[in-house]
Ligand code: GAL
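Only one chain is shown below, in structure tokens, and it's the form predicted alone.
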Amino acid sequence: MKYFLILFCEICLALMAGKGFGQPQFIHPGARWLDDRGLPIQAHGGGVIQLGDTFYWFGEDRSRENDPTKRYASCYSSRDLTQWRFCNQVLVLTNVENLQLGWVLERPKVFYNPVTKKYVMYFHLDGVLPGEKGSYKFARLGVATCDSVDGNYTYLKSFRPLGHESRDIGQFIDDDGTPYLISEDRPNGFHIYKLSDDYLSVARDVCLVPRHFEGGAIVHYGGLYYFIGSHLTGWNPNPNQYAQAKSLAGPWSDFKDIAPESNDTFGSQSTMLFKVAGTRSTTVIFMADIWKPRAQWDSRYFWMPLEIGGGKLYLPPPHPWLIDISSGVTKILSP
């Protein structure tokens, strides 16, 4: 009965708005999300930027047909955050750092520099060098650039920010346009780095959040900064937590669960907090991944609007939902 209700609502919306790609649809957390070609979206561990009236979603491309000796990042575009057009495999990376088999490219995030007119991609580059044992020993930031948002990005370099290890990364662009990189330093915690003027390196360490988290994400809402992180449990989901502060430099509050602990964040792991400021409302979307380690190409996405404000943050249970980009208003379909 629930399925037919959802289908009926979508049909009604399509009839009201007109047929064709680009019309409003529900976002279904955890369901297969298809692009304009009818293929599953490959944007895992990703991030979204907005340029004018268009959103661009970047992430790890884990398609089964990819060359196993290379690593891929893809880009999709949308005007409604619901229906996505495949743009390009914007980064196809060979083993540029001579790492052993099993090296990784994870969590690509793209910034646009309005001064240099360059698009700068950061990602977690990791593995082990020949003769080493273990995994995730390289622990560096990878950097690639492009002259167009969905063009072919060129690898520039890798580095450890201010000498610190870097594993999971996140991005945050403040309301004034200042770009920040969130970077996991396994021995110490999460760093919030301000990028340099050319966006190609780190200018300074704004804050060290001394918690051992992955999947770091930040949003500025209602005069407060909110930080979300995921515990270190590998592929297994866990109760993601949040803290809040008046400044990125802290002090940060105690961390609390974003949803009932027993739900393990509904099987997902945070990757980004994306804010949509409309004419009537401002919505913060919790972007997360539902990982399938044995079928990574079929890993799913968990997007839900957060209940946020006054220092509190809550992730509601997953239900199909709509967002109107112009007004910023969301509608969650009741169970």
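Being a predicted model, the structure only gives us computed values, none of them experimental. Start at 1 with the first residue shown and count on from there.
Same protein, other form: the form predicted in complex with this ligand, not shown, and the subject of what follows.
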Using heavy atoms and a 4.5 Å limit, would one call Glu106 a contact residue for this ligand in the predicted complex? yes
Can you work out whether Asp185 and this ligand are in contact in the predicted complex, taking contact to mean some heavy atom pair no more than 4.5 Å apart? no
Evaluate Gly234 for contact with this ligand in the predicted complex, applying a 4.5 angstroms cut-off between non-hydrogen atoms, and reply yes or no. yes
Are any of the heavy atoms in Gln269 no more than 4.5 Å from a heavy atom of this ligand in the predicted complex? yes
Hey, of 173-181, 149-157, 219-227, 106-114, which bit sits against this ligand in the predicted complex at 4.5 Å between non-hydrogen atoms? 106-114
Taking Tyr136, Asp168 and Glu214 together, does each of them reach this ligand in the predicted complex with some heavy atom inside 4.5 Å? yes
